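So this first bit is one chain, no partners, the form predicted on its own, shown in structure tokens.
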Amino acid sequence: MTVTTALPSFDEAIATYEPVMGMEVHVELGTATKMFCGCSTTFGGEPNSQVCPVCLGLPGSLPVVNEIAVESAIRIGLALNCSIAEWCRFARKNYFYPDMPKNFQTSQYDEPIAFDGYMDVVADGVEYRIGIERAHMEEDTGKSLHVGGATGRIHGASHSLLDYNRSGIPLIEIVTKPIEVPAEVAPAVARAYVTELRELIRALGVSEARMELGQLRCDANVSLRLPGAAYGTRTETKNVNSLRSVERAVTYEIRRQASVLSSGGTIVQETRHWHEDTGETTSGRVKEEAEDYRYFPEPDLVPIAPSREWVDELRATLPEPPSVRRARLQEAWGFTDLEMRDVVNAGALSLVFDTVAAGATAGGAKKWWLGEVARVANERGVALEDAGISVADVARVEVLIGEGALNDKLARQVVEGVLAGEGTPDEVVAARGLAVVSDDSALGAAVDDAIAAQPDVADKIRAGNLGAVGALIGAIMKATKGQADAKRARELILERLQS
């Protein structure tokens, strides 16, 4: 029997119980074709248009392993400091679900391609080592769309639709060893791990790792125990799809489980669904044990035996570790630790890097991507790169500011126009008439009007009170709708009043 009461606070929960976590992260590889057939992996195709007898599991069809997927798996394993198996093979993971057309998933079980590694992450200024149990290859399932209900889930739906385009897309599942860290930082460590892993995957170039598109999906396992006791019963919160949600889901499960245990109830080993809108998890299904899947070696695929020479060649292709790259870029950009953390947490590191490479200042690139662009992206529920403005556009706005063609206020309007689909920055400037007014003849008239309208302020400036210039500049900016060149306006005011 499970008994629940009002949830305790996080601090109340960890005052009694210690959390133990485990992260299972699925990475969808960016290969051109699927794991065991030649079907396209292009996202967004018409439902069931990218399928064949192999990925549909039709009788008589035979799979062939995607070499690039194996190569990607080895590179991921090496980057996670894993040992690479000299011999491994695929297995059949048997279970029935409508989005599994074969009624089994081709995966790896007790013989993964990479195992026993680690990754170091930093949370709240402290470094923690996360052990990696394994990284293994498998195929993705199809996609179920439940229609007619209020929640989009099967409960309450009138019917379901199935799209097998995703079935067979290559996946790498990365499983941690039990994560035992101070209770107060457990949610932050979970987020830091997924953040660092995402950056590593992107640096390797094996996947875009965009969580909002399902290219990187995190299953968060959480259990509680009394200090020094054996591990408690775990739950698995499935398919958490943002860094913020990883932290929130772990926090909620710690509070929920503490409530159940403190009330005399028992934790059920189950999968749970994360609800972004409420910040809660709900029960999914009872979690199977490994033996329930009746794993056995895949008879239609030969074992994989990567030569040591091939592994060494792939090791030589590994990029600069993300932590080293961040430290180098932070120093080059002059960012504080907090500024760099904000960039990383927003998933904007590559965007800022590319924008700087395109001619922007680091501070300017950060300002736009984490400011106006992030605001619009959040409103639209899309990633920064899908907000409607390119790296080249942001860099061009910064160049126009540097040339004096735009001031900050006008630049915001230009970015707003680009995000609204009005064209490039130059096209928006022309269409909206947003260029800075710096021509002396046009600006001089505004300066004369401001001086005439505020004679008392003009007298103060003549008397040597240069702080009063700001009042006249403010009037000029208002009269020109923010388009005046403030620097040139100041020069003209002083020329008129101090000559």
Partner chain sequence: MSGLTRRTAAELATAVKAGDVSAVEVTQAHLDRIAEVDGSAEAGVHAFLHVDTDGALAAAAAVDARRAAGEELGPLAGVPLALKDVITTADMPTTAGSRILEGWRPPYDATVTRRLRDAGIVILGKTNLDEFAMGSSTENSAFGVTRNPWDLTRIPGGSGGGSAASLAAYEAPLAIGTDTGGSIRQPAAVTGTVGVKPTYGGVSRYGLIACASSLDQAGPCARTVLDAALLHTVIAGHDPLDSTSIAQPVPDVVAAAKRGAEGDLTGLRVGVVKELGGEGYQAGVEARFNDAVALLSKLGAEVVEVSCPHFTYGLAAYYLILPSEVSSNLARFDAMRYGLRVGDDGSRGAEEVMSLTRGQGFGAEAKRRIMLGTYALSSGYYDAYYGQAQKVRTLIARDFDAAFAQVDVLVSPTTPTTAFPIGEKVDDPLAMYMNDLCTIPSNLAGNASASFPAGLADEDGLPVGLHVMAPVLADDRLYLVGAAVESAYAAQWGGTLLEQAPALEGIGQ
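Numbering follows the first chain given and starts at 1. In this text the structure is predicted, and so the values were computed from the model without any measurement.
If you look for the form predicted in complex with the partner chain, you will not find it shown, but the lines that follow are about it.
Item to complete: Name the single residue among P297, G264, P178, P319 that comes within 4.5 Å of the partner chain in the predicted complex, judging by heavy atoms.
Response: None of the other options qualify; the answer is P297.
Item to complete: Find the only residue in F353, F115, F104, F335 having a heavy atom within 4.5 Å of the partner chain in the predicted complex.
Response: Comparing distances to the partner chain in the predicted complex, the residue within 4.5 Å is F104.
Worksheet item: Closest heavy atom of P53 to the partner chain in the predicted complex, within 4.5 Å or not?
Response: Yes.
Fill in: 4.5 Å heavy atom contact, D292 and the partner chain in the predicted complex
Looking in the predicted complex, residue contacts with the partner chain include D292, since a heavy atom lies within 4.5 Å.
Discussion item. Can you tell me if P63 lies within 4.5 angstroms of the partner chain in the predicted complex, counting non-hydrogen atoms only?
Written reply: Answer yes; at least one heavy atom of P63 falls within 4.5 Å of the partner chain in the predicted complex.
Item to complete: May I ask you to check whether G149 falls inside a 4.5 Å heavy atom distance of the partner chain in the predicted complex?
Response: Answer no; every heavy atom of G149 is more than 4.5 Å from the partner chain in the predicted complex.
Discussion item. Only one of 68 to 76, 337 to 345, 423 to 431, 298 to 306 has heavy atoms within 4.5 Å of the partner chain in the predicted complex; I'd like to know which.
Written reply: One stretch meets the cut-off, namely 298 to 306.
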